[in-house]
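Given next, in structure tokens, is a single chain: the form predicted on its own.
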Amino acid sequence: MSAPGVDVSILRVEGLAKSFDLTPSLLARLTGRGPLKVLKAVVDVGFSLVEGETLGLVGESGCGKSTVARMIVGLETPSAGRVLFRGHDLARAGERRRQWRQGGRIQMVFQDPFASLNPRWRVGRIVAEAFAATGQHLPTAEAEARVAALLEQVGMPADAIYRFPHEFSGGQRQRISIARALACEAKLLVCDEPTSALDVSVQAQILNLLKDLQTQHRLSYLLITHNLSVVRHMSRAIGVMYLGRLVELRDTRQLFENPQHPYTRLLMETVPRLHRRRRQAEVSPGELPDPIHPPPGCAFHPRCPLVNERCRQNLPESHAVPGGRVACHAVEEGRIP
């Protein structure tokens, strides 16, 4: 699916897929201890991200959204599909490195900021490492001045340069990670649950910082989260993933006002509201099916109150709805109450 109303994008993902071979060793198979096992973590995912805007990806744990993020930044190799950054296929030999040299840089902001920062290095060295990575070999004094300016921009004290990551709180460490991304002059930040490990008050501060930086530097964000309130605050469009597939991709306002896919409606029921309108058909919460042996047809059909025989047998194709696209037989046939 592609984001609604997109003509020019900084990032375009087409038919992205990732499978993991979990098959036991040859010896175990020969002795009858294990059949072939293939986990399809991501299946035929596609979307576009407009430069200077934010696209959110949401879904339950294990739905594949973090795997999508890792493929975009190059930490995982796609089994199929393409990742196009400003029209250039990053899977082609040398293309990712070529884009990096030319200023087309993608950086990731991880869920755990402490694990992504070298505990043996002082903060100044951690941020300044980005200069060398981008080919900027600066004198020590100039590098320190630029690092101090970046840290100030993300709300960190000047003396942070000389301290170690363990001396800071989780929110401050996340600010250091963001400063490092700015030092790389990244154009796209892939944020994988960037606030889930932080206190609620600190979460708001980090999200507001990201929005301010987006305005100042025209940054683009792919925001991976399970928190619908976060993506509603941050994103222009939202993609909903279920068992490796993108089931709905809509404009944020229209998604929240009138969710189409039954799974999206289930997610919306988890958002606290003072005045909640009771839906005619309630979705059974249930659990995700076994991703190694997914159900035939629509993977959501064991939990869906609108299931029919077509849902059990045929995989739904995405089709246009107001504000985006959805993959659901019930929506296509007008069975959504």
Ligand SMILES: Nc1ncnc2c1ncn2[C@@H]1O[C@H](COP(=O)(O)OP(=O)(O)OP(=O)(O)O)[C@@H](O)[C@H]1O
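Position 1 is the first residue in the sequence shown; the rest follow in order. Quick caveat, the model's predicted, so the values are computed rather than measured.
Just so you know, the form predicted together with this ligand exists too; it's not on screen, but the next bit is about it.
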Task: 4.5 Å heavy atom contact, G64 to this ligand in the predicted complex - done: yes
Open item on the list: Contact with this ligand in the predicted complex for P291, defined as at least one heavy atom pair within 4.5 Å: yes or no?
Closed with: yes
Open item on the list: Can you tell me whether L49 touches this ligand? I mean in the predicted complex, with a 4.5 angstroms heavy atom cut-off.
Closed with: no
Task: Partner proximity in the predicted complex: E269 to this ligand, non-hydrogen atom cutoff 4.5 Å - done: no
